[in-house]
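For reference, the chain that follows is the form predicted on its own, supplied as structure tokens.
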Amino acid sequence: MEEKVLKTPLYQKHVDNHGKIVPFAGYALPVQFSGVIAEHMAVRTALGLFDVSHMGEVSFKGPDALANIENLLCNQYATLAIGRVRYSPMLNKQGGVMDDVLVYRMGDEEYLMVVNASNRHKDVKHILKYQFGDVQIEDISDGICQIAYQGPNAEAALKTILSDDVIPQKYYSFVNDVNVGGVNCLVSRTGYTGEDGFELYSKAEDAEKLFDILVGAGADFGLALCGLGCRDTLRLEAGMPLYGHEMDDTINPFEVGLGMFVKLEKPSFIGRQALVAAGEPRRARIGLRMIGRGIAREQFPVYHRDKPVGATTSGTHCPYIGAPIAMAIVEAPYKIEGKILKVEIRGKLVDAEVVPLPFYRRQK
């Protein structure tokens, strides 16, 4: 029996605006509107709007909310202030990355965890398996709309409809209960594009109204409706790992370059013992810039001379930097900037240079 494809609260808006709809993580979502390159460039130079309502949201409330989050995640949350957001990998007992999540501290005993769409049900099952103490944990994903508003003009556009005091000023901070044209929203200075920008959360029933408000606000700021295609090229150009590509249940956070988010000084969290036992990472995530002709896609073998040393995890020709690039997981000794490796593309070995990540960094 085929699994039913779900629709986000903005599905009809995508159809009305001639979005090319494809199945993704169980949802029908637009892969593009005007075209991947045009949308990518709009986010880098002006403003893009994305429907990210397929992401999952899990609420934690109660005296033991923090203790549960500290056990589930390898980053530190006791120091997280109300109104701030913090990133973390979520690990299995073997130390592999099950998902990477954002946690919002909503109040003294209240947190919101945002999980990847494709992992939502797996994550919730895992979270409930390890639930303990006085905490109420609820998957509230189906009642939430999430819109990403990304690009150098995002703040200027928001200022046409919001006062400065309700626009979060610091990266990874948020303001809750913001009246956005009559829609109650959480406004968060976060994103997955490498640009400045915001993510706005509202009730699902307010989604279309919020969409219209944000499209109207962005009309004079070069706004483009954006799909999954440029979301992927933008995050790749910004060197951001994606679950199912750079991360999976068999790769630990040190191997994918996320060691800064692992706090081994915490006395315990799921996966800690396995990480300590694993010792120094034997693999590493690297950036590759193609020198020879060809575009590396995911899961292309990577060689040093004639020796296989790893595989690409994501790759494409990135519009803004104007070059074919890729990320790869390789044996740790080959993570040397300037080193020339080879990627097998259609049976031919093509030269690629190891370059620092991210490929693109915005000017602040």
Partner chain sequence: MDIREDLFYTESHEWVKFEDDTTALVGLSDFAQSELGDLVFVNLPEEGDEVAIGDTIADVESVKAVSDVFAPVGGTVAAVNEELLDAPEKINEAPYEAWLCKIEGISDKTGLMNADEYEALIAK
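Positions refer to the first chain, counted from 1. Just so we're clear, the structure is a prediction, and the values are computed from it rather than from any experiment.
The protein also exists as the form predicted in complex with the partner chain; that form is not presented, and the subsequent description refers to it.
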Quick one: does H18 come within 4.5 Å of the partner chain in the model of the complex, counting heavy atoms only?
-> no
Indicate whether the partner chain has at least one heavy atom within 4.5 Å of a heavy atom of K125 in the model of the complex.
-> no
Contact between I295 and the partner chain in the model of the complex at 4.5 Å, heavy atoms?
-> yes
Decide whether A38 counts as a contact residue for the partner chain in the model of the complex under a heavy atom distance cut-off of 4.5 Å.
-> yes
Would the partner chain in the model of the complex be within 4.5 angstroms of a non-hydrogen atom of every residue among V31, T233 and H317?
-> yes
Which one, 49 to 57, 330 to 338, 63 to 71, 295 to 303, holds residues whose non-hydrogen atoms are within 4.5 Å of the partner chain in the model of the complex?
-> 295 to 303
Across 345 to 363, which residues bring a heavy atom to within 4.5 Å of the partner chain in the model of the complex?
-> R346
